[in-house]
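Here we start with a single chain on its own, the form predicted alone, put down as structure tokens.
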Amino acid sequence: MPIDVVADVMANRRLSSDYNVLALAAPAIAAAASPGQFVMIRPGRSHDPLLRRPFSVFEVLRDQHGAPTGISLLNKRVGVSTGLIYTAQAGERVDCLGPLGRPFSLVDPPAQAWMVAGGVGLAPFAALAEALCGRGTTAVLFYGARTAAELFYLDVFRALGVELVLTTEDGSLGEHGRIVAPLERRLSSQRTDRPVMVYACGPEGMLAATARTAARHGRACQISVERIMGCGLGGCYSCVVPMRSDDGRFHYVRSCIEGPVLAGDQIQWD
């Protein structure tokens, strides 16, 4: 069952004029969370915003003994809720419900884990990278953004031993272009007898391209979909995703219940 707490803000790390990482004291949620799960957040103590917003668990925070103390959220300021999260100060309180949703399935060696992130789609991958590296799984992060200034936490992933493949649309860091291009080349050169699991999160166009690329090369792909969620508990049906059944028919699933992690080759992208 999800846990509903009023969490104290422990820290707010501003990454840019629009991005920040908010640390919340929520040890019970942190202890129960798995990579790929999310929480429903409502900042401030007024009625605006009225509804909570979904955020991936970015990091599970721990004390010096390794005990879970809280979680962090990667946030981009675009509206009222995200604006309040961006400006939150230590000691403020935030309504936090979670962990929610279906997490990633982790792979063990000799399988490799290739994470594909576009922009704020980095959100589920810090926790995933930590879990994979703890299992000894070789991990690669394919990470793309518009400019170098929007590529964050590179030092954290490097410290975990994650290989970084970077692209920017303006060519200011890494390869000039979109992140699916180097993924395509790496999959083309990878021996088919070496297992690879592809994980992806980001804009829907990138997710569709990643899922199709993985499928062409016969690789499994787990997609963390981004959907507007009114409740996060399956009651409002605001977050449905079209899926293909084994018999070729279409059906809809609620990404807050059956997802947010879904099989890339089963999502109906068109």
Partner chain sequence: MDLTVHIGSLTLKNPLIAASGCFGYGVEYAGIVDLASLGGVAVKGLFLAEREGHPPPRIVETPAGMLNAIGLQGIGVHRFVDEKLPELRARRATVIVNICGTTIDEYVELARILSDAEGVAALELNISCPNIKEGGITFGCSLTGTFDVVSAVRKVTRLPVIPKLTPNVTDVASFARAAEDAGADAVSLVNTFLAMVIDVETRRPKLSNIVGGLSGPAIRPIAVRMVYECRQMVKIPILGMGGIAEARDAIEFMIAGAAAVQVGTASFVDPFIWPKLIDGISQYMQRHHIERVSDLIGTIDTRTRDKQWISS
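Between two forms, the rigid core is defined as the largest C-alpha subset superposing within 1.5 Å. If you're wondering where the values come from, they're calculated on a predicted model, not measured in any experiment. Numbering follows the first chain given and starts at 1.
Omitted from view is the form predicted together with its partner chain, to which the following refers.
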item: Among 207 to 215, 230 to 238, 31 to 39, 57 to 65, the region lying within 4.5 Å of its partner chain in the model of the complex by heavy atom distance; value: 230 to 238
item: Close approach of R219 to its partner chain in the model of the complex, 4.5 Å, heavy atom; value: no
item: D4 within 4.5 Å of its partner chain in the model of the complex, heavy atoms; value: yes
item: Its partner chain contact in the model of the complex: P27, any heavy atom under 4.5 Å; value: no
item: 4.5 angstroms heavy atom contact with its partner chain in the model of the complex for H251; value: yes
item: Listed residue that, although its partner chain is not shown, lies within 4.5 Å of it in the model of the complex (heavy atoms), from V165, L97, V107, L84; value: L97
item: S245 C-alpha relocation of at least 2 Å between this form and the one not shown, rigid core basis; value: yes
